[in-house]
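Listed next as structure tokens is one chain, alone, in the form predicted alone.
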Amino acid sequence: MSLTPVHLQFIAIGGLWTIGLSAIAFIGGSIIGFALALARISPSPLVRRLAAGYIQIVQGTPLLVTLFLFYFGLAVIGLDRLPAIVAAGFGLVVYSSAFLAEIWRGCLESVPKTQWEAAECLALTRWQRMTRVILPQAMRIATAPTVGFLVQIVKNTSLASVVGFVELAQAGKLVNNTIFEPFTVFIVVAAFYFVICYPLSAWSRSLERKLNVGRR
């Protein structure tokens, strides 16, 4: 049996689920990651240590293990197992939040100290300093690496198959189990990943050039 339009449609649906899961991971990770980035530069040592501890634990734990913990962990303590998409979503949100937090912390701290000091001299509150002076400059620096990390999120959704979620890679595996043509099937899967990831990578490079991030 060869690859048919029905198989291609099934793989394409898996691609849509990959995009959806990536969006969940990025949006959720951005919300938590932004809060963590602010916590990492907080005046409170306790807040800084708590945020740093969370980030170190998540970054030091393989994503595969994190997904297993969300999918099987609740059953260990007697609760109902989460649906595959919910477990995969939670796992990827936690993973993304830790890495985005460190990206954005670095961008915040890369804003010259003179800008922080000038904002303080104007007697601005901490909220006003962040929103009117620091964040606009940090966003300019953070845009390209953030888009670049989004590409990594898309690729890492392939691990969601371990909890039974049928995304692009798993869809290709299921089709291959039907027609036994791995080379053809995974060339198609790779093409779908390329179509999703290449525009993001090109956009990241374009933003980096336009924003002249390397210059001060």
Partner chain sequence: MSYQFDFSALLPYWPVFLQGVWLTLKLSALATVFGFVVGTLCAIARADGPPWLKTVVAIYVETIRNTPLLVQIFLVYFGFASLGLKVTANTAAVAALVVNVGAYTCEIVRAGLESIHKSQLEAAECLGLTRTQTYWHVIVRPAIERVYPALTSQYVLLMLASSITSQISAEELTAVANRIQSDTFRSFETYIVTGALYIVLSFVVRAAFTLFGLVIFPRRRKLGTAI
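Keep in mind that what you see is a predicted model, and the values were worked out from it rather than measured. Residue numbers count along the first chain shown, from 1.
Heads up, the form predicted together with the partner chain isn't pictured, but that's what we're talking about next.
- Heavy atoms of residue 65 reach within 4.5 Å of the partner chain in the model of the complex, making it an interface residue.
- Shown alone here, residue 12 lies farther than 4.5 Å from the partner chain in the model of the complex, counting heavy atoms only.
- At a distance threshold of 4.5 angstroms between non-hydrogen atoms, residue 173 is in contact with the partner chain in the model of the complex.
- Of the heavy atoms in residue 151, some are within 4.5 Å of the partner chain in the model of the complex.
- In plain terms, the part of the chain that comes close to the partner chain in the model of the complex, with a heavy atom within 4.5 Å, is 74-82 out of 134-142, 121-129, 102-110, 74-82.
- Checking 179, 47, 57, 31 for any heavy atom within 4.5 Å of the partner chain in the model of the complex turns up a single hit: 57.
- This chain appears without its partner; in the model of the complex, the one residue of 69, 35, 27, 41 with a heavy atom within 4.5 Å of the partner chain is 69.
- Taking the partner chain as positioned in the model of the complex, the residues of 146-167 that bring a heavy atom within 4.5 Å of it are, in sequence order, 151, 152, 155, 158, 159, 161, 162.
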